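What follows is a pair of forms of the same protein chain, given separately as structure tokens and numbered structure 1 and structure 2.
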Structure 1
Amino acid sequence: MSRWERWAWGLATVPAVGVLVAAFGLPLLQSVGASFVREGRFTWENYAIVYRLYRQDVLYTLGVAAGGVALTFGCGIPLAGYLRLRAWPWVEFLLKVPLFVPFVVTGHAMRVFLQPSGTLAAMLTAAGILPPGARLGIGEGWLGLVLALTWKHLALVVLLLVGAFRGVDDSYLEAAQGFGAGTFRQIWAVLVPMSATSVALALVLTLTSMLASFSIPLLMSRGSGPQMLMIDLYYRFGQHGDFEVASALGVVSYVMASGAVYAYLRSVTR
């Protein structure tokens, strides 16, 4: 490249970088800064408020995300392993469908599906499993959230894991079969350990995404009881107009996401 061309190309990257700095970088730094300020002075007060009002919600958020990750991987690893070992095209296709269903839509679909008088209750009643007129309680509590988050994230996890598992050479699986390993033994003893990095990466990404989930809990929300952290942040910011405490809640969520930040940064610098 000539010197003139190098300048022109360098200049052409400025708009993209500028947009990300203005709409992401600066806001990120501003929220960290604002979390330490109240009435123009440095203070820890915002964090004290977070501890006083929201510590249970932090634990609740961690619990829901942990439950979601456990269910997602509890289903995802066996499914992905089975799909690696045996062709089952229509199931593989179906599992991809939620990839294309946006988070908000998932939230609303799960709301009408799981609510006490929702479609699931109607289906179970029609099938004779529930007595007529019975209400189903799972949609309103943590279980409904765990199910909804799993439904949305399972698709990506299966996609990533099937990809990683397909990268494991057949000869290892044949050797395991030679020693009498069945399907599940081949998944646990060969596929998972040999794709440990991909499994760990998928796990970190899923956990972070669930911790930071907003639209799904917003659409499935109920008035009382513990809330997900992002719901607290939204109301603190939107209804109380309290940007400082909202920012402190944000910084708590950044700390929770640090695993994913590390994983992503490593993928760039590698």
Structure 2
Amino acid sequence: MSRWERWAWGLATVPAVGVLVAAFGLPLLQSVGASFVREGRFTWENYAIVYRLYRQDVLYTLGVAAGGVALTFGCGIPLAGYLRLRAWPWVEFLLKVPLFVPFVVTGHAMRVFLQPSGTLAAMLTAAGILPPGARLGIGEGWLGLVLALTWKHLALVVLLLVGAFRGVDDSYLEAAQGFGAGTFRQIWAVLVPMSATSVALALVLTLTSMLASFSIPLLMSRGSGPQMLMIDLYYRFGQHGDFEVASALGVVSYVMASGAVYAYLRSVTR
């Protein structure tokens, strides 16, 4: 590539980089700066408030995101493997449906479906699994939130993994079959290791998206007990007008997401 071509490609990236800096870089720097300011002076007080009031919510957010990622990939990897080894167009079509459902609609639907006297409870009662009048508490706790986030993110994960798995040459699968490997063994011993970079990327995208979830947790929230961190940030700024503590909460969320991104970059550059 000549020098002029490098300059041309460099100039072509300027608009995209400019949008990135304006939409993300500058607000990030502003948030970081504001998180260390209280009443016009430099202080760690905002982070002390976060620790005192929201440390349980930070752990809750990490736990929900970790549980959602584990369930999403526990279901997504076998599904993607089966779609790679056996062509099921109608299954692949159904898996795309959640991609077109907004987060707000997902949150409302899951609240109705999982609430104590909701659709799932009525179905289980009609089947004789639950006694009449019994209340199902799945939708009121972390498990309902994990199920809702999993349902929303499963389609994206499966489609990303299917694309990566289809890039694995059939000769490797045929060799595994020659050694007696069944479907499960081909998925976990051939497809997953040979698509490790794509699997890691899908994991990072899913984890960061779940950490930043707002609409689904807000709609499924009981209004008491531990909350997802984005809800705390919203109320701290929107209801209390406390931009400094809200900025500290944002920085904490940046750090949590950056940990996953750093681990991914380390795995790619090894």
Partner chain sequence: MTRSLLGLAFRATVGTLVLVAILGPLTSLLIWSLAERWHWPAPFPQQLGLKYWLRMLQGDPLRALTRGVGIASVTTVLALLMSVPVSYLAARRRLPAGPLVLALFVLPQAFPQLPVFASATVLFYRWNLAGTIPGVVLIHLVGGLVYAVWTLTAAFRAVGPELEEAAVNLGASATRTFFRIALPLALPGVAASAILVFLHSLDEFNGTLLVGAPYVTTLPVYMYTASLGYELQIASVTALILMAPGVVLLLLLERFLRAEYLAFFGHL
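What we label the rigid core is the largest C-alpha set whose atoms superpose within 1.5 Å from one form to the other. All residue numbers here follow the sequence of structure 1, with the first residue given the number 1. Here the structure is a predicted model, which is why all the values come from computation and not from measurement.
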item	value
Number assigned to the form predicted in complex with the partner chain in this pair	1
Gly63: Cα shift of 2 Å or greater between structures 1 and 2 (core-aligned)	no
Per-residue C-alpha change between structures 1 and 2, Ala260, threshold 2 Å, rigid core fit	yes
Core fit, then Leu53 C-alpha moves 2 Å or more between structures 1 and 2	no
Distance the CA of Val19 travels between structures 1 and 2 [rigid core superposed, Å]	6.0
